[in-house]
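Single chain ahead, by itself, as structure tokens, in the form predicted alone.
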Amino acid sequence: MEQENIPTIKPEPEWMAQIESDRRLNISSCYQCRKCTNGCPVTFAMDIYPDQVIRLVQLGQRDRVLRCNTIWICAACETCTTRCPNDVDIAGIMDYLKERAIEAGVHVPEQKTYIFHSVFLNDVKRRGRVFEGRLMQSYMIKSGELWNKIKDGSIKEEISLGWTLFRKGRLRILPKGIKAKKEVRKILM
């Protein structure tokens, strides 16, 4: 992992308290045991480790945290959260930090991850759950991957996989909704 030289930024000690009160996310209980980082399957791609993100939040280093790649690389698999002995919801904190970065207008270093994140949440807002057919279609178009796959011929593999999933009853043609759409929208708004 390559550490970049980032100058120390004026700390915002109230930031951690704000996060904890906004979402009831328990950050102050972290004592840096590193179990989150040691269990994370994607640390190889991160610029700072999950435990370091939490520590920087504790230190009020808002700008540094919101500009790091780690929050966008996080796969939200919740391995970190499960491993935490103090019940710190690291995956939830990463999601919260993504939202704050977007609100702050911070340039997203992992643009395709941001596109997937947006398409996924928009689909959940629309139906109350994800419709995989639309999710992948929207992502492929918005990210430019569709044109890349057409150009290199790999679209045939995608179509073949989709057809196989459909034949086995694993991919629906029409989306299935839920009864509590309004409640889901309230959560995501």
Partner chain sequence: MKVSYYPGCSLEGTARDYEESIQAVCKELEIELQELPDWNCCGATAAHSLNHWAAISLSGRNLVIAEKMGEDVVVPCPLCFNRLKTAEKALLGVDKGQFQYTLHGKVKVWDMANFISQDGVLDIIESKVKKPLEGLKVVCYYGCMSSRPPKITDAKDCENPVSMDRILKCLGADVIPWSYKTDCCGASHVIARPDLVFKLVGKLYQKAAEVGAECFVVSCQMCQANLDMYQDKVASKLGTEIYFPIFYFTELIGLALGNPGVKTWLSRHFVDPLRLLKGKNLI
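The structure presented is a predicted model; accordingly, all values stated were derived computationally and were not measured. Numbering follows the first chain given and starts at 1.
Separately, the form predicted together with the partner chain exists; it is not shown, and the next lines address it.
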{"item": "4.5 Å heavy atom contact with the partner chain in the predicted complex for all of 118, 124 and 129", "value": "yes"}
{"item": "Touches the partner chain in the predicted complex: residue 152 (any heavy atom, 4.5 Å)", "value": "no"}
{"item": "4.5 Å heavy atom contact, residue 144 to the partner chain in the predicted complex", "value": "no"}
{"item": "Partner proximity in the predicted complex: residue 106 to the partner chain, non-hydrogen atom cutoff 4.5 Å", "value": "no"}
{"item": "Interface membership of residue 29, the partner chain in the predicted complex, 4.5 Å heavy atom rule", "value": "no"}
{"item": "Stretch 164-178: residues contacting the partner chain in the predicted complex, 4.5 Å heavy atom cut-off", "value": "164, 165, 168, 169, 170, 171, 172, 176, 178"}
